[in-house]
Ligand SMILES: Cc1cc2nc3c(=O)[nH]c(=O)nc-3n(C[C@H](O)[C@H](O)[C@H](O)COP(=O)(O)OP(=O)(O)OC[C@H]3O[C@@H](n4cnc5c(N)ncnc54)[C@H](O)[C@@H]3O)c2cc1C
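Below you'll find only one chain, the form predicted on its own, shown as structure tokens.
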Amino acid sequence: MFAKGLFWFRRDLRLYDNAALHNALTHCSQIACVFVFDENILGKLADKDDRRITFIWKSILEIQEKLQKLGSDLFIFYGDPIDLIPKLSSSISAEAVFTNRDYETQALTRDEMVQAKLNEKKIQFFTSKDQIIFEASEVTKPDGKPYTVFTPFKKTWYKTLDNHEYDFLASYPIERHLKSTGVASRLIQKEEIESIRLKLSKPGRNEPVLQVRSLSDMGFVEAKDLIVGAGSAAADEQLDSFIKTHLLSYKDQRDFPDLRATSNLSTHLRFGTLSIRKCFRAALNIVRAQTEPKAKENAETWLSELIWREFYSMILQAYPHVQEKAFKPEYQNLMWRVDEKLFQAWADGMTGYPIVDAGMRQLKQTGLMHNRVRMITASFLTKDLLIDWRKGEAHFARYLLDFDLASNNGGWQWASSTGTDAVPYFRIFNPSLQSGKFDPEAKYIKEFVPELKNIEPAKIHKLEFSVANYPKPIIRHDEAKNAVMSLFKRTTAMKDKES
């Protein structure tokens, strides 16, 4: 048992069902909580009204308010956590630091450096699994190697869960440790935190710590168009709403962007305002309770989507090279087209293909994009325009509110046929057919491409219209299809010849 500990919030912006927070509370007599806006990440952001920063800010303010009601508080800093976490730990006389694991290469390197500095100060560093159910080493082939195809991974994932469901899906009972009748709170009290704040803010031989009280302290402004409610209360409300209104029709409706029938939980799962264990518990309980096959199938489809998230996380952990390179080495040096004008037309939603343009405009206007449309727009960039998937991945990374490296990378490599379990290169989305099938009345298209509001849906899907302020198609799909087929065939032939 440690006298004092520090809990470090990261991708787990909630107080409840939080693995590392539970471990901190059960292994320390008292803890303090901290969140650090990492200057190494924020310094690279192009937009000062980045929606993600606003979402994080509002979510941690919710946490801070809850902690203040419990007589404690939240330290909020801006700077380099490699320096700040050891410095704060020393300031509160912490004997241990607790946090939840992150699996991105940059995060792993950061944590190694934090741990080294803490070790120098004789402070222990503990990490917990929280953002996924299984890590890469927990779901493997019989020979211990990671899966590279989703379906067998999913089967083993279920089998592993069946054997240890309570161990992996059980909620962490934090409430009783935060405050119990007749028992002193395990949270360091606000008066002591204020004293530490004052100490850290005083000028001295070292630079004073920048404690954040507003977004402007970091050079950011609040995004006024945030359409996803921030914080764990909003996350729980969205989960309840999805289960009540869309879960039992999920498979039937999820591919139609105008229906808004997806879970809309990806942002909450990305920032941890919602526990992934809670999602799986809810989904499994509903699946098991269903007696009507169709309803059960719909709920199982959402479960499968959650497992896709686990799959891409596993791929990132087991094959970190995918962050920079194609998963399939034979496609690493594909001769992608370099054409900034074509790329910009795609990025601005001005390709002349309405379903593509609607998706790209939705992305910029809202920070979100329907999953079916993500596949369509990614296929169009890589298969129609023959532009490197990494440029598209970076564009999504800039604008997506729910940006998650593992899922974004996995999705882009899937669409471009360079990744694990990818769509075969000869399967190419036809944007006009996709448009007619999944937005038959063009409701979604007209919402984000208002230039076409007076055009009949059938003409929109067949590209049989002319509007003064809307471009003609920037490329012919049939010609582009032949070009990309030739590109992949040449590359495959070269690989076969070399081997």
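All values derive from a computational prediction rather than experimental measurement. One-based numbering along the sequence shown.
What comes next is about the form predicted in complex with this ligand, which is not displayed.
For the chain shown alone, Leu306 is a contact residue for this ligand in the predicted complex, at least one non-hydrogen atom being within 4.5 angstroms.
Contact between Phe403 and this ligand in the predicted complex is found at the 4.5 Å heavy atom cutoff. Although the partner is absent here, Ala378 is a contact residue: one of its heavy atoms lies within 4.5 angstroms of this ligand in the predicted complex.
Contact check for Tyr172: no non-hydrogen atom falls within 4.5 Å of this ligand in the predicted complex. Residue Ser263 is the only one of Thr351, Gln362, Ser263, Asn298 with a heavy atom lying within 4.5 Å of this ligand in the predicted complex.
Taking a 4.5 Å heavy atom cutoff to this ligand in the predicted complex, the contact residue among Gln290, Asn371, Ser91, Gln189 is Asn371. Picking from 78 to 86, 408 to 416, 336 to 344, 217 to 225 the stretch near this ligand in the predicted complex, with a 4.5 Å limit on heavy atoms, gives 408 to 416.
The candidate spot formed by Tyr250, Leu269 and Phe396 is fully in contact with this ligand in the predicted complex: every one of the three has a heavy atom within 4.5 Å.
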